[in-house]
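First, one chain by itself in structure tokens, the form predicted on its own.
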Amino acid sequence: MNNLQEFFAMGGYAFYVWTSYGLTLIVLLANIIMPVLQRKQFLRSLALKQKR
């Protein structure tokens, strides 16, 4: 258990390390999700233009 606590404490740099991991995860997820949402929006607008 002590090793696990030391791992999560990261030698006193836990806030910096876990914040960096969190921000990296957010950026990676945004890089996956944003193009999907933009593609859906583009296809919707294209479909509306075709109906006109």
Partner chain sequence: MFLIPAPVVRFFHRMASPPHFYAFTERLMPWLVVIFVLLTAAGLYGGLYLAPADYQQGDSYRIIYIHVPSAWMSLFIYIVMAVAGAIGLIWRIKLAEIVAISSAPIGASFTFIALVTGSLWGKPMWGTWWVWDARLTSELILLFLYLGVIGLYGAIDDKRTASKAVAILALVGVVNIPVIHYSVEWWNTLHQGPTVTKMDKPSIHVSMLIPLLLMALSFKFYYVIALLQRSRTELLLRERNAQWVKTMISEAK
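If you superpose the two forms and keep the largest set of C-alpha atoms that fall within 1.5 Å, you have the rigid core. Positions refer to the first chain, counted from 1. Keep in mind that this is a model prediction, so the values were computed, not measured.
The discussion below concerns the form predicted together with its partner chain, not included here.
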| Should Gln5 be classed as touching its partner chain in the model of the complex when contacts are defined as heavy atoms within 4.5 Å? | no
| message | Suppose contact means any heavy atom within 4.5 Å; which members of 32 to 52 contact its partner chain in the model of the complex? | response | Ile32, Met34, Pro35, Val36, Gln38, Arg39, Phe42, Leu43, Leu46, Ala47, Gln50, Lys51
| request: Indicate whether Tyr13 shows a C-alpha shift of 2 Å or more between this form and the one not shown, with the rigid core used for the fit. | output: yes
